[in-house]
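Form predicted alone, single chain, as structure tokens, below.
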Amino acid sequence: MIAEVCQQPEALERTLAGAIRRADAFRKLLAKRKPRLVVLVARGTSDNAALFGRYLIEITTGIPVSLAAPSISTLYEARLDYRDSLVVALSQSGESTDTNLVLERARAQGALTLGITNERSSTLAKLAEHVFLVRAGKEKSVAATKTYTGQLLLLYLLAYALGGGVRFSDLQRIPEAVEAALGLAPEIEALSERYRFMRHAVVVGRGLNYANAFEFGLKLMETCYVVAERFSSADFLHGPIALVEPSFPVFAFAPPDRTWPSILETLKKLQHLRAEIVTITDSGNREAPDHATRVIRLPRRLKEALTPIPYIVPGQLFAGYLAAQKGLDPDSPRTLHKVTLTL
């Protein structure tokens, strides 16, 4: 897992270089066939990437985005009107049975379809009319890391193809920002020792980093067996904050821009409750140390729109190192397999 986390700068560079022409071609197609709705369908880590895609696409393009509930098609066999819609399936392996079935039926029901996968020869790649490939190389760990960030990068390109204000020059800076985040590995490994006996935690985020709260929480659950609840900082204040008591661990994604006032309000209330607060932020946020027990600070200030990929890297590292502190193998979590088949 840790080795694959460290492979991400190169994987992201390959993914971006390999997808630019395809994104341009898809942009020209969509200019003639602009969808009224985008539907994203995925499971697991890919579903967390899809959650990011929803925020990004709606913010940058104004096109409504829906996250599909696969059981509507697979169990209830409902027929949906997908005319003038773009249905995007995300799967690292391309072999997720329910994701593929939803995509296949959506195409039959009039949708334009796109697959985002790390496997060129997968079932998903054959079912979709168009394919954006993650070029992460083989991912051996059950805990997905480099395929998650590869999917996020391709969702930026999808937003670009849909007419969103995404610039290639900005995306080209992401691998370097990830490399800088990896430089925090010794600090994060040392920090993980403090949480060796952690059994429960909360992860909060908002806006473009809301998906990272889900992904970091998932990594804590599947690799460290920590019960990690995931919340928007706004939803957290509507009830779940009641579970917090002194020393309860809360991890917060805290970029210094649009979402910071909301995150700050949450952190202040957590401080009053004497929670154990760890924030993930960057050098642009000078207030974070005043409102946290520990701060993981990326060394460079980033545009808020570009924070999600670099910001998840400390979470990935922390989960991998914490698993080692607990004597667990993050590459082979109990009861889990790389490909999960569900309907």
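Sequential numbering from 1, following the sequence displayed. From a predicted model like this one, the values you see are computed outputs, not experimental measurements.
Another form exists, predicted in complex with another copy of the chain; not displayed. Remarks below refer to it.
Contact annotation: Glu119 falls outside 4.5 Å of another copy of the chain in the predicted bound form, judged by heavy atom distances.
Another copy of the chain in the predicted bound form is approached by Glu229, whose closest heavy atom lies within 4.5 angstroms of it. Contact check for Leu243: a heavy atom falls within 4.5 Å of another copy of the chain in the predicted bound form. Of the heavy atoms in Ala78, some are within 4.5 Å of another copy of the chain in the predicted bound form. For the three marked residues, Arg14, Glu189 and Leu264, no heavy atom of any sits within 4.5 Å of another copy of the chain in the predicted bound form. Only one segment in the set 80-88, 122-130, 176-184, 152-160 has any non-hydrogen atom within 4.5 angstroms of another copy of the chain in the predicted bound form, and it is 80-88. Contact with another copy of the chain in the predicted bound form, defined as a heavy atom within 4.5 Å, holds for exactly one of Lys303, Arg286, Arg36, Arg33, namely Arg36. Looking at 215-238, the residues that come within 4.5 Å of another copy of the chain in the predicted bound form, counting any heavy atom, are Leu218, Met221, Glu222, Tyr225, Val226, Val227, Ala228, Glu229, Arg230, Phe231, Ser232, Ala234, Asp235, Leu237, His238.
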